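Here's a solo chain for you in structure tokens, the form predicted alone.
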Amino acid sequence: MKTKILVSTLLALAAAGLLTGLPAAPKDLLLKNGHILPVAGPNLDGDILIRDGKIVRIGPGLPAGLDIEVIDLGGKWVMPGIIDSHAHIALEGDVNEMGDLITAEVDVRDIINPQDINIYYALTGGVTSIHTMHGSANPIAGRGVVLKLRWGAKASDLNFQGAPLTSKWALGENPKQTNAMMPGRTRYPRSRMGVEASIRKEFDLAKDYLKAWDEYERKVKSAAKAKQPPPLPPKKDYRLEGVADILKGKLWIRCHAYQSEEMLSIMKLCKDYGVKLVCFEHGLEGYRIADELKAYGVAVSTFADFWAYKWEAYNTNPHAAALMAKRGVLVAINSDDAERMRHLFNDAAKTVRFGGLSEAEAIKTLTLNQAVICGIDKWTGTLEAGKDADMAVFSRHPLDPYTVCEMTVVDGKILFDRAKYLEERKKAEEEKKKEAEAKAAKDKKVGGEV
């Protein structure tokens, strides 16, 4: 069934010319008569003027010049493009390097796949940017990257310019490899305390590595002054360089964790080494330590109502995200899954239904909060003049259970238009039907002649 849907989608995309590259952006684009949820201010009814991929003005009755493409939204709802701060799409092959305990040297930028159909599927759900990253098999794993979902662009053009690179960490069952998902593993560590100890050990090794290179640089300068040959450099170690970049603050730490005790412990470790933990991934028990999370200043990128899929994920509830948000923790609702990514707006609505968040707070869990966690709030996450024209248009309020994403705009380019897609899909299916009928008629004729 999934294969049939994929083939049908690809046929329609090809017919619409959406597999050959990014569409050309109009010089000016005016979206008129929308219910606008800017996040940066009060909701309003009006228009959005876009020029060269940026939002120029938002307000009622904006004039349309001769060179402006005008799209009448007819009262549809417009919100900032959804951001998914925990994703694994747009990558080629496995996202876990299981061969060693610490894998800080690997980098997901080496395997970005701009032709992953999940990029387009994400656009159908209003998602415009993602943070895609290494898996959770290692206490210190690979580097992650923030991407703009510029469907049709080449791999290098997906990178969100200015966004920080990240370091993926993991605690608990996955790195100690003792759950049902990873049977038969026998490597160190086999306990939660061993996972933390492995991180401390790697930090100490990286500090010694940095010290050796600093000493080498001093000797090089001294030799140059004395007009002597330079000394031999220390041995290059790409793994320790990855950890050293964390110590230098070049990489933002994103830590996969479930249990509150581990979360408290890793915050202490980060303070001991002077590194900044930006976000807990999943953090299902974060509601138990909301005050401590707020005091430290760490965000939580979590699920709305997905848990109990393994032992350490049992102790949570559908109120957890809202409980943390109400105590001042920066909370985002993520997918961790290509299918779930397409309906994150439904998951955000659950924080209103179960946790009592306001609609505005729920929208922030998909937009501004996500942008802050990813370090891209300077460019996106809200609808306001000067920011990137990344937005999603919905048939109803984005939190309405019957809403549908009608259009997704990235950098001022319409990369998903449901009406156009359905029209082209219908044409492709009719053409396919005609070809099948012609073939059947030909086969019947040939059979009759025999």
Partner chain sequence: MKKSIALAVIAFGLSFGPTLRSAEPARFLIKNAAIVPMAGPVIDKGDILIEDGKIKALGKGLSVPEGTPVLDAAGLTAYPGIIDAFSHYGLVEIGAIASTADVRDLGKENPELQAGWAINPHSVHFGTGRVNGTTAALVAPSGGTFPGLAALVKMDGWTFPEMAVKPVAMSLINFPMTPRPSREGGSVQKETGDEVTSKLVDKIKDYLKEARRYLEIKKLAAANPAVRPPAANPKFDALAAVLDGTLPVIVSVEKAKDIELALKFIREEKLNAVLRGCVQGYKVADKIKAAGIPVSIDSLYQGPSEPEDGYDAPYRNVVELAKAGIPLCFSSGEDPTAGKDITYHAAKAVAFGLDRDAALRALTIDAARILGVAERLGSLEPGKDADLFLTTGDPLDARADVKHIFINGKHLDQANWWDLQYEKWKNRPEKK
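Numbering follows the first chain given and starts at 1. Since this is a predicted model, take the numbers as computed values, not measurements.
Just so you know, the form predicted together with the partner chain exists too; it's not on screen, but the next bit is about it.
The candidate spot formed by 106, 109 and 134 lies out of contact with the partner chain in the predicted bound form, as no residue has a heavy atom within 4.5 Å of it. Among residues of the shown chain, residue 212 is not one whose heavy atoms approach the partner chain to within 4.5 Å in the predicted bound form. The partner chain is not shown here, but in the predicted bound form it comes within 4.5 Å of a heavy atom of residue 404. Using a 4.5 Å cutoff between non-hydrogen atoms, residue 250 does not count as a contact of the partner chain in the predicted bound form. Although the partner is absent here, residue 151 lies well away from the partner chain in the predicted bound form, with no heavy atom inside 4.5 Å. Scanning 219, 353, 187, 201 against the partner chain in the predicted bound form with a 4.5 Å heavy atom cut-off leaves one residue, 353. Think of it this way: in the predicted bound form, the partner chain has a heavy atom of just one of 97, 157, 208, 292 within 4.5 Å, and the residue is 292. Considering the partner chain in the predicted bound form, the lone stretch of 284-292, 269-277, 78-86, 238-246 in range is 284-292 [heavy atom distance within 4.5 Å]. In sequence order, 339, 342, 343, 345, 346, 347 are the residues of 333-347 having a heavy atom within 4.5 Å of the partner chain in the predicted bound form; the partner itself is omitted from this view.
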